[in-house]
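The form predicted on its own is given below as one chain in C-alpha cells.
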Amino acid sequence: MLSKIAVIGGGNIGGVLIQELVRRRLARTVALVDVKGPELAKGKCLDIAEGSPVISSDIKVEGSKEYDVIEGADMVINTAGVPRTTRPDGTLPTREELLATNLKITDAVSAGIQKFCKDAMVISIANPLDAIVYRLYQNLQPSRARLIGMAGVLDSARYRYFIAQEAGISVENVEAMVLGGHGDNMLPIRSACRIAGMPVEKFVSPEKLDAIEARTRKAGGEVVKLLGVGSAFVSPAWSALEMAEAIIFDKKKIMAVSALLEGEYGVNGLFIGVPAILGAGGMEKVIEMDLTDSEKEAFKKSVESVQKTKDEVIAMTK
C-alpha cells in the first residue's frame, strides 16, 4: 500500500480508477483532480467516500478542481484529455486530431505534477498515448523508470479476449503481446501467442488470426462507435491498475507498456510499446523479444508512425 495515489482527470476512466483504488486499498489516500466545474472531482469522491463503509474501507478520498490535492502523491495516473467522440456523420477523429487540444491539457497536468509531486511514478492513459507520454517526458524530464504509458496491457487484453472467444477457451489460457504504437499500426505478436503453452495456430486458423489482429488494431474505435459519446473506460482503467499493482507490490511482472527506448529494438528517444519488467523501481527493464522477419518490418512501420507523432509534438510546442 502506498501513502497516496493521485488520479488526474475525473471522466469515465478517472471515475473507475478512483473507485477501484479505494476498493482494492492500494493507498492510504486517493486524490482526484479535475478542473471541470462546478465540483466534479469533489462530487465523485464524496459519493465513493459515503459508500466506503459498505465495503469496509477506511481509505481517505479527496477531490478538487485545484492541483494542490495531489500534493505528496507517490503515484500519479493521468487520464486528462478529450476523448474520441463520434461525429454527426458517423466518422471518428483520429488520435492525431486530438493532439493539439490534449497537448495543452498535458502541459497543465505537467505543471501540477512538477509543483506538487515531482518525484511521483507516472502512468499515463490519455490519448494520443505515445505523444502525450512524450510531452510529459519533455516537461518533467524524469528517469525513464518513472514514466510509462498504458497501451500494450489493454491492446494485449483485447487480443487475448478475441482469441479466447474464437478458440472457445478461457481467457486465462491465452498469453499474448501487442507491441508498437497505440494506434492503427500496433503489432500483435502472433509468434509469441500461446494457448496453455501451445502455439495459437493449433486452435485458430491463420485466416481467423488475420481477422482478429485487424480487429485488435481497430478495437478502440469499435467501442467508440458503439458508445456514440466517449470511448472505452473500464478496460483502460483496469489495465492501468494492473500496471500500478505490479509496481506497488513489486511483482517484477512482464507486461507491454509504452516505455522510453534507449537503443533497444534499434530505437532511441521514442516511447514505444514493448515488454518490460514492472516492480518497485517502476519500469525496471525493457525486454527485447525475438521477432520474425515480417514482425520486424511491421514493428519498424509502427515506430515510424510514432516518430511522426513525436515530430508533430515538437513542431506544435515550439
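Note that residue numbering begins at 1 and tracks the sequence as displayed. This one's a predicted model, so the numbers in the text were calculated from it and none came from an experiment.
Note that the form predicted together with ligand APR isn't included here; everything after this is about it.
- By the criterion of a heavy atom within 4.5 Å, residue 265 is excluded from the residues contacting ligand APR in the predicted complex.
- At the 4.5 Å threshold, heavy atoms of residue 12 reach ligand APR in the predicted complex.
- Mapping the unseen interface onto this chain, residue 188 falls outside it, with no heavy atom inside 4.5 Å of ligand APR in the predicted complex.
- Taking the partner from elsewhere, residue 8 is found to have a heavy atom lying within 4.5 Å of ligand APR in the predicted complex.
- With the partner left out here, ligand APR still marks one of 238-246, 99-107, 141-149, 206-214 in the predicted complex; by a 4.5 Å heavy atom cut-off that stretch is 99-107.
- Of the listed positions (35, 26, 286, 291), a single one reaches within 4.5 angstroms of ligand APR by any non-hydrogen atom in the predicted complex, namely 35.
- When ligand APR is considered in the predicted complex, only one residue from 176, 126, 120, 163 comes within 4.5 Å through any heavy atom, namely 126.
- Scanning 64-82 for heavy atoms within 4.5 Å of ligand APR in the predicted complex gives 67, 79, 80, 81, 82 in sequence order.
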